[in-house]
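Coming up is one lone chain in structure tokens, specifically the form predicted on its own.
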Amino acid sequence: MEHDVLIVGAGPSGAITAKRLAEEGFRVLVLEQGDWPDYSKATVHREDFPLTAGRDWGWDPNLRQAPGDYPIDDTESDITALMWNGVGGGTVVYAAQWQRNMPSDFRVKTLDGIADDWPMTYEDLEPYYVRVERDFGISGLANDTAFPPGEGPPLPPVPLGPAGRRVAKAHNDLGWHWWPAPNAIATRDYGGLHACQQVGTCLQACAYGAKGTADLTHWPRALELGVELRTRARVRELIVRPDGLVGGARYIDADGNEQEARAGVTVLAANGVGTPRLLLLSGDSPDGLANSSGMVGKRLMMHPFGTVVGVFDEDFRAWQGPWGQFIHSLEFYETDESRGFVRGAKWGLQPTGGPFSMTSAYPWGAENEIWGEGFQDAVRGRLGHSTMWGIIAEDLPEESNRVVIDRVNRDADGVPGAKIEYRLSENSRRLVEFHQARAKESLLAAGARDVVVAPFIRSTGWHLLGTTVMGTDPATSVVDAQGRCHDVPNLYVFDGSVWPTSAGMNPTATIAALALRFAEQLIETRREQKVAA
């Protein structure tokens, strides 16, 4: 074999795995269906950037239709699946909100009698959180009172700003939790990252190299170590050998030619839609590969999202600064059954953006439209004077929420697309409504003269989790606690697909920590590892 390990996907989990294995001398090949980010399109200094950002840095692959994208039928889903198919993966366009899971997130079955426990604890993962926070240049403040004490991020937190200070004071008065929020935003020069220029465009593209994205934090070093990265390489199926092991993948290169990549071990890092799509397209069984449990594609979780905006008399100059989050609150994160639902949500206090954002239906709502007479005064009233809580709600796993193959809609290379079937549960609806009401109380306590609960929108499926569930029982799970498929001993899944439950946090921190832990376990057990010779 020319390569020891083949990795499918060059996002954060693929990048972390490739770099770590290469450090130990593994010969690593990575296939990525997309391309490198083109930062020449990060024209944040131009007045038309709010318009071009949606075209060049959009989250929805069905709208973007870049060469590395594939169609996702979401006609039977309450939420649209969002992603970035390219080197760096979802980190290229994430909001850089970097949240560890809480200890309770690993023990949902034990604490609340629902869903499943993870086959590991917070304490097991904590050392890996520390390491990936160093690698991604995370800013924040240690010893958040909601978490066990321990080492925190390597960089100081982003400025709270006027909005953060005002809402933090309100939470002090209410006796509610808040803490300077952790972000993947460099607050000073760090490694290959540059200090944040606070122009408020983190959510699309960072033109200054301040956002901790895998294409900047991991790929340069991985390539120096000898990792071979092939972009515009779309994997069509995994190669299954007569002995049941996976021998690599068949893929279509940038010129449209079918190629084969052979390796002793294969790792999937293609996100919660791409990974089950590939497994369902592989093997001789109509149920796909590694699917004796029948769980491949099932238990899709996407985090219902709520937004509550406060408008203040004070000018926060909120079009500047990181985006990001100033502070976060975990006051209502844990289960209180008297509320009529289980589990909870994390709040992150964010800016509301520039003039263009003041005129959009989200987050302001169609009933608050400002076009027409009084338009300029209305824009002035919002611009700089508003801030908002973004609410990440825990999404419980349900088998009816799933990813299946769409054989009608195909990508540019003729490979069948994906279809998602997803409905919000009653628990999720009650949870979001409760948190929106409490967030409204928070902003009113901070002195807001007006509070707007944003309408529910479908385009919030940034977090794609749970579709190749991790567990100890091969009858009910796809991979074990090392990310190894129960059915195929040399096939691994290292992305967010393996999460047994979704937590109520932005997931990249845990996806990254888990990928590093999986990579270390693969290194430790390399001598016992079955490989395709």
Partner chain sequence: MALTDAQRAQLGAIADQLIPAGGGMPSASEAGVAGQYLDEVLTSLPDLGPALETALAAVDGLEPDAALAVLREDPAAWGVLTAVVPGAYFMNPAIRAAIGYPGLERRPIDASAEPDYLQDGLLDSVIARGPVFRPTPTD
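All values derive from a computational prediction rather than experimental measurement. Superpose the two forms; the largest set of C-alphas matching within 1.5 Å is the rigid core. Positions refer to the first chain, counted from 1.
The protein also exists as the form predicted in complex with the partner chain; that form is not presented, and the subsequent description refers to it.
J.: Just give me the single entry in W178, W84, W389, F136 that has a non-hydrogen atom within 4.5 angstroms of the partner chain in the predicted complex.
T.: Of the listed residues, the single hit is W178.
J.: Here the chain is shown alone; which of R339, R230, K169, R131 has a heavy atom within 4.5 Å of the partner chain in the predicted complex?
T.: Only one option qualifies, and that one is K169.
J.: Check R221 for me: does it contact the partner chain in the predicted complex (non-hydrogen atoms, 4.5 angstroms)?
T.: Contact with the partner chain, no.
J.: Could you tell me if E331 has a non-hydrogen atom within 4.5 Å of the partner chain in the predicted complex?
T.: Close contact exists here: in the predicted complex, E331 approaches the partner chain to within 4.5 Å, heavy atoms only.
J.: May I ask you to check whether R343 falls inside a 4.5 Å heavy atom distance of the partner chain in the predicted complex?
T.: Yes, R343 sits close enough to the partner chain in the predicted complex that at least one of its heavy atoms falls within 4.5 Å.
J.: Would T52 sit within 4.5 Å of the partner chain in the predicted complex, counting heavy atoms only?
T.: Contact with the partner chain, yes.
J.: Based on heavy atom distances of at most 4.5 Å to the partner chain in the predicted complex, which listed stretch, 429-437, 443-451, 102-110, 252-260, is the contact stretch?
T.: Going by heavy atoms within 4.5 Å, the stretch is 102-110.
J.: Which residues, if any, of 120-143 lie within 4.5 Å of the partner chain in the predicted complex when only heavy atoms count?
T.: Contacts from 120-143: T121, E123, L141.
J.: Classify P149 as shifted (yes) or not shifted (no) between this form and the one not shown, where shifted means its C-alpha moves by 2 Å or more with the rigid core superposed.
T.: Stays below the 2 Å threshold, so no.
J.: When you overlay the rigid core, is the Cα of G374 off by 2 Å or more between this form and the one not shown?
T.: Shift at G374: 2 Å or more after core fit.
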